[in-house]
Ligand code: HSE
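Coming up is one lone chain in structure tokens, specifically the form predicted alone.
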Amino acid sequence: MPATVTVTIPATTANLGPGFDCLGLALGLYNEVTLAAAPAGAYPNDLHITIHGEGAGRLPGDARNLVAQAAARIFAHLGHSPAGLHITQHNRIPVGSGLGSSAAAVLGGMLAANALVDGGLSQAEILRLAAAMEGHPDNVVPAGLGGLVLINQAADGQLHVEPIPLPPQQVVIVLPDFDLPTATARAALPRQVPLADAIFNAGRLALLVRALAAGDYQRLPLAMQDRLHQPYRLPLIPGMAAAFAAAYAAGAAGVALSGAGPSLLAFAPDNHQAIAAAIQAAFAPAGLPSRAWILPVDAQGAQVGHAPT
């Protein structure tokens, strides 16, 4: 059994407009989770958690910590755990951003725990357990596998996963300084939608998958339209409608909320810096400062015992 395991997990963006709860993309922004078994003779259930970077001073440093909870689920599932656990998190994914920070914590904790005790769980088994803990698979699966992934979840919880190869590209992400809990964003959605809206999204999701796989930016303005969640969530975020318009005016090919928000993502063949600046300028009149990233697509997914350079 190794004494220490480090897992690197990418950020993710889900939905991409019409792919509500079934489409996700891994991005080149990473958290690292290190689990170390407490030395022999440690006090039983000894737990130490150190957090660096995003969420330091905000995320819980006790058993409520999501990495610790995820690791505990794996230990319970396997019926085997170390006497104590030391967890170190190096976080670069902003918390509550719509960029998969909770999925990264859950997946990182589970993968590291499995490796720490030589649990032998397969990647597919861990993804299923992580999706069950997270509540939906559209961030967990691309975080685990990398790239663009289409996920269908069966009634028994089994995941049917379709990786979609992409040409290399960069994505603009802008995060306004606004707190939008996922629960609030979920609560804004209607329980039923018109048949016309369901048909609208089904057609655009099919077109979106085809356009992204082909690198066909000209089809993205149509393909990334959505009627299932964005019309209900955009009004929750000050300046978001203006930010969408500014992104398109600056040359973005497709724009969407990242997950439930409040991050905005934009696809474009070029001019990424100018698009990011235009989006940030659009949030300013609403009184919201923002941060921007221009990120490559991550093609590898979570890595055990490896950190990206």
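Don't overthink the numbering: it's just position in the shown sequence, from 1. Because the structure is predicted, anything quoted here is derived from the model rather than measured.
The protein also exists as the form predicted together with ligand HSE; that form is not presented, and the subsequent description refers to it.
- Contact annotation: ligand HSE lies within 4.5 Å of heavy atoms from the stretch 130-138 in the model of the complex, the single such stretch among 78-86, 130-138, 109-117, 217-225.
- Site annotation in the model of the complex: the residue of Ala260, Ala247, Leu66, Leu29 reaching within 4.5 Å of ligand HSE with a heavy atom is Ala260.
- In the model of the complex, ligand HSE stays beyond 4.5 Å of every heavy atom belonging to Gln170.
- Ligand HSE is not drawn, but in the model of the complex it has no heavy atom within 4.5 Å of Gln153.
- Arg210 falls outside the set of residues with a heavy atom inside 4.5 Å of ligand HSE in the model of the complex.
- By the criterion of a heavy atom within 4.5 Å, Arg186 is counted among the residues contacting ligand HSE in the model of the complex.
- Along 8-24, these residues reach a heavy atom to within 4.5 Å of ligand HSE in the model of the complex: Ala14, Asn15, Phe20, Asp21.
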